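What follows is a single chain, given as structure tokens, in the form predicted on its own.
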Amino acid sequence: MESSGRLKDRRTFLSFLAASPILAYAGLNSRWVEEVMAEPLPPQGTADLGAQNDAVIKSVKEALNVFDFDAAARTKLSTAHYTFITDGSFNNETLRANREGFNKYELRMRRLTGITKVDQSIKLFGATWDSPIFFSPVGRMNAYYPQGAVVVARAAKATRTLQILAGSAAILVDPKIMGDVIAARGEPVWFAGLGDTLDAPLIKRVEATGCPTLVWTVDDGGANTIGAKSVQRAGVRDLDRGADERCSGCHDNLPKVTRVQASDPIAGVGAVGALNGENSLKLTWDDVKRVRDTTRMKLVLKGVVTREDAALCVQHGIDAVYVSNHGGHEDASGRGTIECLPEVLEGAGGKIPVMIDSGFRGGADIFKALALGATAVGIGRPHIWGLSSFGQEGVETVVEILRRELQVAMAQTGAASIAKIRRDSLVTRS
């Protein structure tokens, strides 16, 4: 316990500050000191340095980083929905690798750059965006917020941010949902189709909305999704979400493969996708040619993580490659996307843009991908955390925080614009 003498000394010093002009220079007043003095001081050596991060913010104004929205989302979502968006698959090795991969790169900070403003705008397929940060496709948006895809569209419009709409978020191009999203966005949105669901009729329905770019997700090969345990904790009868009144409204409309039933032990292994050997596993490069020949929309292949596949994308007329591992949801590779990025860039050979997502949580993370050569960086969980916590305002604040952090990284490395971000601003950790 701190001695009474030391406690008295601290209060004496605070009283001195209250009468000093120092506070005025710092933008504070004597009332602040009075409030501090009124609070009991913790015993010496027992202060919990993590307490601030554990506190749940009550408004977006309290947020210091995107993780503050994670803590808030945990209090707003059901156990099943929060666990599904948070956990990965298998043993979470890829989920962890997505974050740990950033530790392999360090920023070389320059001093006296004189940069106080930066230009974060980029051009992609002829469109200009206010920053390289975009909203990754996330399915089942209504699980996180009422009319979630529409609310994100409003935030995308307000912040001039690229939004990629997931097929399941749009219930595979339901005219009502797509119309609402496009109206909220103020222009057609990019659409992300999944695995073997991307057939000719669906492509035509997407084209009919005016969609300029089709993103084809090809990394849903089946996973042991450990989020299945959230269904058990939620007390869903027989592990069948379609049989539970809290879940049936949404899950009755999902394909059987996405439901967990006690009568199917294998389905019980993974709540979504399971180890069923379907979806993207049956696809080949002949399917890529089929889709390429079916549409005039720009075509982006999402889930590419190797040099060879990036080179094949170029050969098959793909317009951009998208480095992603589904945020750690779909494979047990144990490789973070930032680790995959250099070889994918090599395979693309500078002939097509390279986009990336999975694991990005801060401006420094985004800067590292841009310095390596990525064109744009997607965020999945962070904007869902913001959405779940505070709706449109939460999504917009997540974007604002990340842009501010990216601005700091750019200014401190001497890059006044995205085009001036240099590879030699990074050092590979030994």
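In case it trips you up, residue 1 is the first one in the sequence shown, and so on. Just so it is clear, the model here is predicted, and its values are computed rather than measured.
Although not depicted, the form predicted together with a small molecule is the subject of the following passage.
- Contact with the small molecule in the model of the complex, defined as any heavy atom within 4.5 Å, is confined among 293-301, 129-137, 338-346, 206-214 to 129-137.
- In terms of contact with the small molecule in the model of the complex, the residue from I85, I318, L198, A73 that brings a heavy atom within 4.5 Å is I85.
- The contact residue chosen from L124, A143, L202, L194 relative to the small molecule in the model of the complex is L194, the criterion being a non-hydrogen atom within 4.5 angstroms.
- In the model of the complex, at least one heavy atom of R381 sits within 4.5 Å of a heavy atom of the small molecule.
- Taking the partner from the other structure, the small molecule in the model of the complex has no heavy atom within 4.5 Å of any heavy atom of S89.
- With a 4.5 Å cutoff on heavy atoms, A153 does not count as touching the small molecule in the model of the complex; it lies far away.
- Proximity of R403 to the small molecule in the model of the complex falls outside the 4.5 Å heavy atom cutoff.
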